[in-house]
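Only one chain comes next, encoded as structure tokens, the form predicted on its own.
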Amino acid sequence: MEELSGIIEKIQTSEELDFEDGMLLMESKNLPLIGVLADYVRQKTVGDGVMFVTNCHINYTNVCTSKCRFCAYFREEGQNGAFTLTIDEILEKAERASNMGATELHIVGSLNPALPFEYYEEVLSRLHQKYPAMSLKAYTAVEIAHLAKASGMSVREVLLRLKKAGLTGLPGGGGEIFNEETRKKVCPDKITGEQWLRVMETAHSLGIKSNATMLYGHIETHSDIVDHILRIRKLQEKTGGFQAFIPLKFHPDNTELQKNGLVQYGPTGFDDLKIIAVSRLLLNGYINNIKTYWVMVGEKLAQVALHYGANDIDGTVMEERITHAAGGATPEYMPKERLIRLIRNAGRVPIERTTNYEIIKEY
């Protein structure tokens, strides 16, 4: 407890934690105490409500030029299992989601060189036309940078055109880990961490809100994790455009990192809970919503994470392919009633929200 006494004092006086504090937390094995601190900050910041959204994930292609070493999802064109959805097929999925009460479509894919910019634009315009009330959270910062490069437009122009077509927000994917040395080892052909942050800054300047993510449990160091969270915090201080922070658990099965013997196992439950708690503590006062993504950590640990600083459990999801390609064993869909039960059973108040964190209903 003594090692964290300075941090306890800072938390009690609402003082901002710095890099050294983050490192102390990451090195500490006193998970119960870190959990208590994170839960205290969560209670003070957002109360006992746990947010969720009725959403559907649509992965429109897995053909990708980036070929990240932590990814088991991508395929090359013509390879067995490669696919690209037509716009009509995307609309069919949206129809099913709409009939199931979804208020948000989460649309992400891979960097498919065969898809023109107009495909992305038309996906949004047709969805927006048919479902004007539906939130269209689409295309990661990596996809936006890819579209800018492929079309010869600036990131700003790409975002303005997509916003006009119906884009309401950006998902947080593609952040991975910002430290350049580590990033080059896990995703050498992806945009840099700084480029990712610049895309997000541009989106925020245009009134397009987003989430932020971090991939942990592969070859990153503790300092990589703290640095990543603090860079998110720094941009949030400038723009205020991040709505939630989502630590993403690395799943090693079928990935190049596992095949090359660099990572045999993914993070443990201890790691999962500590990352959630440290995220809450370092982002205190900057990003209120810390999400535990049940698809990646499992529904039982997601429940426990609600006592370690998390206040958002994501949503119904309806269809998720990326984590499951890497050995994710969770269901691909969580009915709303089951989410509500999980939250209630953890002693929290279930609150259905919109993408922008407006309350639809408190249960």
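Since this is a predicted model, take the numbers as computed values, not measurements. Quick note: we count residues from 1 along the sequence shown, nothing fancier.
As for the form predicted in complex with a small molecule, it is not shown, yet the points below apply to it.
Within this chain, residue 110 is remote from the site of the small molecule in the model of the complex, having no heavy atom within 4.5 Å. A residue is said to contact a partner when one of its heavy atoms sits within 4.5 Å of a partner heavy atom; residue 296 meets this definition for the small molecule in the model of the complex. Heavy atoms of residue 215 reach within 4.5 Å of the small molecule in the model of the complex, making it an interface residue. With a 4.5 Å cutoff on heavy atoms, residue 281 does not count as touching the small molecule in the model of the complex; it lies far away. Against the small molecule in the model of the complex, the set 18, 228 and 285 makes no contact: no member has a heavy atom within 4.5 Å. Residue 71 is the only one of 71, 97, 145, 136 with a heavy atom lying within 4.5 Å of the small molecule in the model of the complex.
The contact with the small molecule in the model of the complex, taken as any heavy atom within 4.5 Å, belongs to 246 out of 208, 246, 155, 165. Only one segment in the set 76-84, 168-176, 120-128, 272-280 has any non-hydrogen atom within 4.5 angstroms of the small molecule in the model of the complex, and it is 168-176.
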